[in-house]
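Next up: a single chain in C-alpha cells, the form predicted on its own.
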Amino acid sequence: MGKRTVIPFGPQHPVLPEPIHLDLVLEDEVVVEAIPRIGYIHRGLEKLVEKKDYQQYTYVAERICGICSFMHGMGYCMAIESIMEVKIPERAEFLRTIWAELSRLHSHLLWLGLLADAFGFESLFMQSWKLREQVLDIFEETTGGRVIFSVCDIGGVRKDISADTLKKIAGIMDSMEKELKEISEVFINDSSVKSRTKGVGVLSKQAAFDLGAVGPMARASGIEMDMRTQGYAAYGKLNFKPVVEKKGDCYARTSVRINEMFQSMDLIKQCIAIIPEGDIKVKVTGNPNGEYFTRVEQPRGEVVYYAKANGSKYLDRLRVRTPTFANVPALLETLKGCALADVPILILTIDPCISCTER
C-alpha cells in the first residue's frame, strides 16, 4: 500500500458547476475511496406544507429544482390527484407529457453542453446550449416562463397550446433532430472523447441494482427501468421503449442520454399527432384525506413523491426523494479505482443536481 492522501473535491471546481463535496482518498493519482458530504441546505420546502395549503404548494414544489421544475410540479399534482381520486382531462395528460419531454430535452442538452465544456470543447458547449435555447423559447411561448412555468395544477393544466403552435413545435423538433445528429456524432465517434469515457467508471448491472441506481445511470448498466412505462400522464398511449446500454461506463451513460433526447423529440411529435380536443382542467373541491406514493421519471431518474393528508387544506407530510440522492452510492462505487483526472467527468455522468438533493 502506497502513501494515502485525502484531497477535498468541491464544492467549487472549474469543471463542475454543481456544489458537490467529496473527500477523495488517493494512493498516488488513483482514488481508492470517496467520502461524500451531503449537506442539508434547509430551504424548508417540506416544512412549508404546514403553512401553504395543498393548492398553493404546487408553486413551492416547482421550486425544488429549476431544471426539472415542471416534473416536480407534475409529480406533486399527481400525488394529490390520486388521494382525491381526481381524473384529469385527456388533453391535459397530453399537454403534461409534452412539457415533461421538453423538460427532459432541455435538461439533457444542458448536461451535454457541460460535458463538452469538461472536455474543453467550447464550441460544442455553445452549440448544445444554442439548441437548448430553442426548447426554452418553446416553454416561454407556451407557458410564459423559461425556468419556472406554473402551468401544472391539481385537476389538469392552467394553459392550453393552440393547434398552430403545436404544429410549429413539431417543425422545431424536426430541425433540432438534424442539428443534434451533427453534434452527437462528436460525442459518439470522436477518439479523444472515447479515450476519456470508454471503460472509465464502470458500474456493473448487479452493482447498479444493489446500490439502487436510477435513470440513465441504471439504464446504462443494462437495467431496463423507466417509470414512464407505468403509463402515467399520456405515456400509456405512446409507443416507446426504455433506452438501455450494457457496458455501464461513462461512454454508455453518454450514449443513453443522447438517445433519450431523440426519443423525447419522437414522443413530443407522437403527442402532437394524437392529442385530443377538450377541456384542460376539472374543478377540484374539498380537501385531500389519505396518503399516496407517486413515482415519476425525471431527466436524472425516478423521483418519489409521498404525500399524507388529513382532510384539512394543509398536508400532514410531504417527502420527496430525488434521483441524484439515489445515484450517490453508485457514483461512489464508480469512483473507486479511477484516476484523479477522471473524477469531474465521472461526477458529470450522473448529471448531479444538488439543488434537488440538498433541501
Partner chain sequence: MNFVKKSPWILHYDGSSCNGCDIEVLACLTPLYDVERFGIINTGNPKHADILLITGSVNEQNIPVVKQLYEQMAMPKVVVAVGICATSGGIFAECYNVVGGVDKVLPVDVYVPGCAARPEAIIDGVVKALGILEEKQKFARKKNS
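As the structure is a computational prediction, the values presented were derived from the model and not from experiment. Residue numbers count along the first chain shown, from 1.
Not pictured, yet referred to below: the form predicted together with the partner chain.
Enquirer: To verify the annotation, which of these, I148, M265, V284, I272, has a non-hydrogen atom within 4.5 Å of the partner chain in the predicted complex?
Expert: Of I148, M265, V284, I272, the residue with a heavy atom within 4.5 Å of the partner chain in the predicted complex is I148.
Enquirer: Check K52, M126 and R132: does every one of them have a heavy atom within 4.5 Å of the partner chain in the predicted complex?
Expert: Contact check passed for all of K52, M126 and R132.
Enquirer: Does M84 reach the partner chain in the predicted complex, with heavy atoms at most 4.5 Å apart?
Expert: Flag for M84 set to no.
Enquirer: How about L331: is it within 4.5 Å of the partner chain in the predicted complex, going by heavy atoms?
Expert: L331: no contact with the partner chain in the predicted complex.
Enquirer: Quick check on R104: any heavy atom within 4.5 Å of the partner chain in the predicted complex?
Expert: No.
Enquirer: I'd like to know whether I64 contacts the partner chain in the predicted complex, with contact meaning heavy atoms within 4.5 angstroms.
Expert: I64 belongs to the contact set for the partner chain.
Enquirer: Looking at 85-93, 244-252, 257-265, 139-147, which lies within 4.5 angstroms of the partner chain in the predicted complex, counting heavy atoms?
Expert: Flagged stretch: 139-147.
Enquirer: Only counting heavy atoms and a 4.5 Å limit, does any residue of 19-37 reach the partner chain in the predicted complex, and if so which ones?
Expert: Contacts from 19-37: P19, R37.
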